[in-house]
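Next comes just one chain, in structure tokens: the form predicted on its own.
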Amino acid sequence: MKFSKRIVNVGPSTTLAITAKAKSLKGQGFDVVNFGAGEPDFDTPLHIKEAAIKAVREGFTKYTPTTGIKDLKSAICESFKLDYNLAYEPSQIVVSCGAKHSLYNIFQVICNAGDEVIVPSPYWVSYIEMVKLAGAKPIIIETSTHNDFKVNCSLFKKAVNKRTKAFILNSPSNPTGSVYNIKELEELADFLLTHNIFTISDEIYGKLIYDDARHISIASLNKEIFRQTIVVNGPSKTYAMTGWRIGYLGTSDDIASAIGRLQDHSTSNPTSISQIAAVAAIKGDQSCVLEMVSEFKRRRDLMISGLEKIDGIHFFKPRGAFYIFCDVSDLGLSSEEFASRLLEEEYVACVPGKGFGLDTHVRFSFAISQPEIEKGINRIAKWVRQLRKK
């Protein structure tokens, strides 16, 4: 079978691949500690599930408007305003089948062949492939621990040219957990406005923040950057709703309309029942979010206290999301070798950094229980000690 060039050039998701392998081993009876998880291990809060069950019982199982029901769009607008000071109208909201779907739609609508999209590295694994699928070219800007894995204007200047169409901003970041502060965002906004570059702001981890960090949407800084930014969010990480497949974006009327037309001919509406669940999540009691964030912070601190005792692993302390990005280059293994051997020899899963654009690192998720974290850290420490003796 001869496939299209666009699909031949697309690589598999490393995060999904490692998760599948870990689940396969677990299914065979092995005691696997899965630090590869890209989703909360908490159950979806009860009031959200009950809203969905009620929707099923009342027969809310038919098509809805392509871009989402009115109640959900109104709830999203209220949340955007209350949480991030973003003033969108319902006509400027598009609800899709997950934030990943929202991002895919954006690239399909705004990119032409030959356009360039600036992607800071390390990056979430799907950005690069989505840009390529839209016929555009990803331009990588490398960051490091020296700048807290953040882009600044001096790095930007080297990458921008007349073909630059958009910039992907992911704060809090997957995989690093870095969070941009207001001064950094203001400098970026000025630069992006000067060069007329779209900002695609992926804020899916916006409520998973720790210590004194604060999530600020770049679109909230002024009217000009608001008009030039497409904000992506969703309930999946915040409310443990990954499998419900709901995401959304806020943008200008013309872009929202164009994305709506695309969605008309791809998925049509996101699941009716999941939309009702999302309304309950966004408008309901938010104490469940505070509880999850508090537990994530305890888990992060537990992992850090264990990792800092392991000679040969160096980590960046995350201030958002639920990942710790670790430099394992001192151990003499590539990220894929490290992840593969750790899983095969100690039944501990992590995600190789190669898929994130940094082959010297691996990503550990702390979206698992504290006992599992302790068990996994102990196995890693033992394995690394043995590795360094050879």
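All of these numbers come straight from a predicted model, not from anything done at the bench. Throughout, we count residues from 1 along the sequence that is shown.
Quick note: we don't show the form predicted in complex with a small molecule, though the next part is all about it.
Q: Scan S217, N105, T229, N170 and let me know which has any heavy atom within 4.5 Å of the small molecule in the model of the complex.
A: Residue within 4.5 Å of the partner: N170.
Q: So the small molecule isn't shown here. In the model of the complex, which residue out of G260, P138, G98, G206 has a non-hydrogen atom within 4.5 Å of it?
A: It is G98 that has a heavy atom within 4.5 Å of the partner.
Q: Even though the small molecule is not shown here, does K237 get within 4.5 Å of it in the model of the complex, heavy atoms only?
A: Yes.
Q: Is W124 close to the small molecule in the model of the complex, meaning a heavy atom pair under 4.5 Å apart or at it?
A: Within the cut-off, so yes.
Q: Taking heavy atoms only, is Y323 within 4.5 angstroms of the small molecule in the model of the complex?
A: Yes, Y323 sits close enough to the small molecule in the model of the complex that at least one of its heavy atoms falls within 4.5 Å.
Q: Closest heavy atom of R245 to the small molecule in the model of the complex, within 4.5 Å or not?
A: Close contact exists here: in the model of the complex, R245 approaches the small molecule to within 4.5 Å, heavy atoms only.
Q: The chain here is shown without the small molecule. Which stretch in 176 to 184, 83 to 91, 237 to 245, 277 to 285 comes within 4.5 angstroms of it in the model of the complex, by heavy atom distance?
A: Of the options given, it is 237 to 245.
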